[in-house]
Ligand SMILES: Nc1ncnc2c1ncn2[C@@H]1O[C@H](COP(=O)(O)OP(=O)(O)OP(=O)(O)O)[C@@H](O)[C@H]1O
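Only one chain is included here, represented as structure tokens and corresponding to the form predicted on its own.
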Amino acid sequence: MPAFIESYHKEVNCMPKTTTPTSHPFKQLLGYAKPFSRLFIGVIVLVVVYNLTQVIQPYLVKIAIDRYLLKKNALLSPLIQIGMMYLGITLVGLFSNLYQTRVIASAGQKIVRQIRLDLFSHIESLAMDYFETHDTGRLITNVASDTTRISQFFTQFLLSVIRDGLTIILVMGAMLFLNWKLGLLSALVIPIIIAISAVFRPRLHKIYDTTRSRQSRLIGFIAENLSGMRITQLFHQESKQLGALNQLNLPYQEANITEFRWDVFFNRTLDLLGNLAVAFMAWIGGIAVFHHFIQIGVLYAFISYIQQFFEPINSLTQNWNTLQSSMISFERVSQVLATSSTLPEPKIPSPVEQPRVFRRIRGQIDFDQVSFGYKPDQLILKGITMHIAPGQFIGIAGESGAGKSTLINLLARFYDANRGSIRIDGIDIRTMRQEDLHRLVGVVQQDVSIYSGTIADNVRLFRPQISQQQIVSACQLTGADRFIHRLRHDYDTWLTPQGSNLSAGERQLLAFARIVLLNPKVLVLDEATANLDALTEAAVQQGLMEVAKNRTTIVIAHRLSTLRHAAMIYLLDQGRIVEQGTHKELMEHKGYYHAMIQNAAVMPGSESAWQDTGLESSKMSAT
């Protein structure tokens, strides 16, 4: 097995386990059905009507045989009446069956829709560490495939339990009514069916679980590789990735074949048992008719009832497989629903929840002895202390891995600090709702997420209250308007997932327009201009100056020239602040910052990095 696949399996198998739900998944699932209890009561009434029609039909034939067909000089009119009754009962059963299926299918889809909405909403509320430790393919399977299988619980299994369970009771009652001795003989098959199901159930459960797990891994691999197709083709790795896919596809294929084999084995075993029961009843009943213990019509009715008896049993056993599959899918979904966020919302009211309080926020930021590590014993940030005045423009510099982006992740509260505190205007961010904090702190990152939709949709970003004029104004302010007007449909141009029909710089300009519409008190640029060429960067600076007015601005810069006019520059090294000061002060100090500038100056093409970007200190310094 290739090393890539081995590591992939190891990663999936070593993922942290989610919290086990406090109640049984079956009870949780029925809880979703509670709002539709009236519909299910109506279904039960229709099922009773349908099953009564099925039980009455053989009895009518029994009456026709014993009372009329075996009598000499039998009258035709009673047979016609019985025939019309049979036809009427059949039609009543047909319409009740059609309507019950329609009603329960509608209810089942509404229930699953709610489960899917709850699941996706809960996933959105989880902290970033959850997505870093859980396979994306599994989550996609939960939302798409598992919820579809859960719908089968209502549309197939639940209907089968109600309809087929009632059929078994009514058929057994009818057989006992006709001849209690033959009825008891027929009931001997029930413990045999229970024993067979008990033998097969654990094995089938394990097989279904294995199939779903391998499906998740396959979906995750496909999703990951489709998003990285550009890299695959650039490095000519198509054949290798195809081989890796095959290594995941073969186990999934084997699991499906095993599942199909055991399903067939289970169902055919019950079919054989049913045929043996019919043959046994024909033999015993034939002897009874021969010795005049029962009438021929009674034997016909018993054989019909035996067939009706095994039809619902076969249906229940086949839908037992559906139950197993649905329960496994719901167990997987309920595990996600039971996972609580590592960043719980404060139980007390958020200090900035009131609009009047929110408007008074000025943007003062204080980091007090902040330490953090994704693993508690491996700290990335160590005792960070920074005090940023309202409206101040500060820069954060350092080598890759120094902890710059981690610092911003803590400010946006994607994670909580292990030690220390972060405050905005004296308010600990852990006491704020995520919604309020993210209205205060706007972050523009190097990697921009673009969704399928128009340019206007991507700037609006799911906020229907934002007008077209606001979108145009934001794009004009950041310079995005210039490239948008070159497109065929302007703001109605359709973007593909990840914005593959835009350049990296154009995607970045859309991100700037988004932040203008958010209008945060604190603006964070995390390597936000790294994807812009020198000309594009210069074009966007004027817009950024306007955006940065009257708000605190923190810039993590790829190009150190962007920080030249910052009121304060903090230099990080191995998670600590090793230097701080203005550009001039740090250059005179001739320390880490001076060394980074010197290294940048001798690199090819570094001249463009030293172009003045227009961030004048008079515009960006502390107010």
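What you see is a predicted model, and the numbers here were worked out from it, not measured in a lab. Start at 1 with the first residue shown and count on from there.
Not pictured, yet referred to below: the form predicted in complex with the ligand.
The partner is not drawn, yet in the predicted bound form one stretch among 457-465, 395-403, 96-104, 436-444 has residues with heavy atoms inside 4.5 Å of the ligand: 395-403. For a residue to qualify, one of its non-hydrogen atoms must sit within 4.5 Å of the ligand in the predicted bound form; none of 59, 66 and 174 qualifies. For the residues 414, 120, 374, 86, the 4.5 Å heavy atom test against the ligand in the predicted bound form is passed only by 374.
Scanning 518, 298, 189, 380 against the ligand in the predicted bound form with a 4.5 Å heavy atom cut-off leaves one residue, 380. Among heavy atoms of residue 132, some come within 4.5 Å of the ligand in the predicted bound form.
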